[in-house]
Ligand code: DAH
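A single chain comes next, written as structure tokens; it is the form predicted on its own.
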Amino acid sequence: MTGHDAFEQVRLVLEEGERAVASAADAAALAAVKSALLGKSGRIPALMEHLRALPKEEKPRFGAEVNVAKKRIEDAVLEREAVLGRAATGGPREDLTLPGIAPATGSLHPITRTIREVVRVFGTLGFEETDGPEIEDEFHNFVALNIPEHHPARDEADNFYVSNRRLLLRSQTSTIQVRTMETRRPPLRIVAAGRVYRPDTVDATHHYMFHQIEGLAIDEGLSMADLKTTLLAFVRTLYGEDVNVRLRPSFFPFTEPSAEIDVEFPGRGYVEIGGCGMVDPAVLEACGVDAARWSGFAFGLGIERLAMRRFAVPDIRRLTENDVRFLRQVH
């Protein structure tokens, strides 16, 4: 037999073998085909007898092709065994008309979803979204917000200073209000959401890194009535018409008068979600706004508190643990 005839014989054995495997009607027939092809005296091993008649330079290629044929026959047998096994046990057969299995997909974090929804709601009330840096200087974080040099809020124990008390991680998003008033003239309505940092002890309701959304409106003749109307419209859009807003007198250096914002949920009582007030004239003047002509109100809301109420999350730490099981529950 010539070299050409030997290689042709490999091709024929492979083609005939694959057809025989595919046509095996049951396990017994397949076992007989497998033995005839791959058994000790089968057709695949018998091909190696042609090696003696081949030239030396063709023997490696011939041996490689025989091995390839053997592997293809073995794979065909395994596939046919699986098909016959499913048929014998009454197992499901592949239905090519069925849709494929969709891969698992991710989802937005509850904090991200809450921020986007809050910004969207305030957008319907005429507020434009803005942003600012997370590393701030003392002027924007304290001075321009009417917080004097020796005020307890500027203490090292209550802030994350990063450069000899001249730079710090912002402790509130009110800094964005200051930067906006420095670069834009009234009237204006803006909201700004972002991370803030305070060295609080982590527990079920506190964290050293959390999120706020700050709102600011400056126009002629604004009053506390405008502030409460805005907050009531926001809360009822977010949570439903059956909730109420209560403003409790409080104190903040940058607003006067100031109030805490409480939201009443049916059957749960009032829950504090942030603070608000009329912008102190000293803050307006520090930012170059004429306090004799313009007035404004501001509010700051805790995003985590809104998210915890919205998704019924009992512990703020759940929002930062990155537990996939929890994230799937609030999807």
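Note that the coordinates shown come from a computational prediction; the quantities given were computed from them, not determined experimentally. Throughout, we count residues from 1 along the sequence that is shown.
Below, we refer to the form predicted together with the ligand, which is not included among the displayed structures.
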Give a yes or no on whether every one of 110, 304 and 326 sits within 4.5 angstroms of the ligand in the predicted complex by heavy atom.
no
Contact of residue 298 with the ligand in the predicted complex (heavy atom, 4.5 Å)
yes
So in the predicted complex, does residue 159 come within 4.5 Å of the ligand, heavy atom to heavy atom?
no
The ligand contact in the predicted complex: residue 172, any heavy atom under 4.5 Å
yes
At the 4.5 Å heavy atom threshold, is residue 198 in contact with the ligand in the predicted complex?
yes
Of 230-238, 250-258, 160-168, 200-208, the segment with heavy atoms within 4.5 Å of the ligand in the predicted complex is residues 250-258
Just give me the single entry in 263, 37, 283, 276 that has a non-hydrogen atom within 4.5 angstroms of the ligand in the predicted complex.
276
